[in-house]
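First, one chain by itself: the form predicted on its own, in structure tokens.
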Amino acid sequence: MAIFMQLLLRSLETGSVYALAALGIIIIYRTSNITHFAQGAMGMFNTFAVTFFFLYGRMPLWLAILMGVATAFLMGVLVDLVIIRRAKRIAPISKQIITLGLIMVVLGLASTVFGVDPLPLPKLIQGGEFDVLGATISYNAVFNIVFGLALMSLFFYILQRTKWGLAVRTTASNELTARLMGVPTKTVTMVAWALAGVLGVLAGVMIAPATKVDLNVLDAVQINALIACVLGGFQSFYGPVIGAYIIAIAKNMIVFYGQPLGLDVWGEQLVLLSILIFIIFRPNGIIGKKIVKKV
């Protein structure tokens, strides 16, 4: 039981990181009809910014994170105003290529501004741990889990209970109709890009203490977040979040409990294979719905 709880708690922490990144991707997809392949790269850039504010700006870590959130918000706004808004009339596939191009631009900019050497970023809460049913978990891990769940709960509350959330859902449903109804769709899209940037840097700050801040710090998170969107369904804001936690839990469980059978080396591959089989039978994901257009 203790081992199971240890794996579950670790998975919830990792799942929170995946879920934040996946939520950023799905916000962009639903409001701009673009698969945001550059989510990880933009998150990496702003995680570097947090690290520089902390190491060289001599700021407290919490203040450096706030500064990184501000740069992420600004970067998201600039990407929408300068690039995305000018590409409204191009083909959908071209929009995907734009985000792929953004990866190269952001990688080049990050290496120029911050260099290529890995940098350390400490945990927000240093030291301290307690037991949960025999499993040991650090205070920082608990904070990451609770913070991720609280942030996503706040987002879903705003989405369902406020006028701004209604504007987002209307834009996601049909941008043209929303614009005809007086919804400020351009502002909605701009804020969506800004929020995606913020979610990206928060995911980076949460995962960075376990590794180092380098140009590849969010590559694995980006891949798993995209897979979570496929598993959960691109037609729902909730599905990718559920998919993110499923992926994180499944990986850790298969890696540990598959050791006697030699499956620990193939844990990630088995999860991806299971998702592929699931998508064959349910191509729209866990919560996704088949969209039928009438002509």
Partner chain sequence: MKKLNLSLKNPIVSYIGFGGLLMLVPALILAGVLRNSTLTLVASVIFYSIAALGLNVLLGWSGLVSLGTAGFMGLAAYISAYLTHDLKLPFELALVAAVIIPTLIGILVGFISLRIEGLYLAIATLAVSEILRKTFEVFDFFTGGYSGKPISFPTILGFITQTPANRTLFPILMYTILVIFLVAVMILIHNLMKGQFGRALNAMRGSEAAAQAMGINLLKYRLMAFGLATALASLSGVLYVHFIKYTHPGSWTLALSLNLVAAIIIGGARNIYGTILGVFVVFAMPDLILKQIPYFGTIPNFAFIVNGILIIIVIMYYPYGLIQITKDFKKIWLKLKERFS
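Numbering follows the first chain given and starts at 1. Everything numeric in this text was worked out from a predicted model, so none of it was measured.
Here the subject shifts to the form predicted in complex with its partner chain, a form of this protein not shown in this document.
Trainee: Does its partner chain come within 4.5 Å of a heavy atom in each of Val132, Ile249 and Phe256 in the predicted complex?
Mentor: Per the other structure, none of Val132, Ile249 and Phe256 touch its partner chain.
Trainee: I'd like to check something about Gly182: if you look in the predicted complex, is any of its heavy atoms closer than or equal to 4.5 Å to a heavy atom of its partner chain?
Mentor: Outside the cut-off, so no.
Trainee: Do Gly127 and its partner chain come within 4.5 Å of each other in the predicted complex, heavy atoms counted?
Mentor: Looking in the predicted complex, residue contacts with its partner chain do not include Gly127, since no heavy atom lies within 4.5 Å.
Trainee: When the contact criterion is heavy atoms within 4.5 Å, does Ser138 count as touching its partner chain in the predicted complex?
Mentor: Heavy-atom contact with its partner chain at 4.5 Å: absent for Ser138.
Trainee: Can you check whether Asn174 is within 4.5 Å of its partner chain in the predicted complex, heavy atom basis?
Mentor: Asn174 lies outside the contact set for its partner chain.
Trainee: Quick check for you: of 219 to 227, 146 to 154, 205 to 213, 118 to 126, which stretch puts a non-hydrogen atom within 4.5 Å of its partner chain in the predicted complex?
Mentor: Comparing against its partner chain in the predicted complex, the contact stretch is 219 to 227.
Trainee: May I ask you to list the residues of 31 to 53 that have any heavy atom within 4.5 angstroms of its partner chain in the predicted complex, in sequence order?
Mentor: If the 4.5 Å heavy-atom criterion is applied to its partner chain in the predicted complex, 31 to 53 yields Thr35, Phe37.
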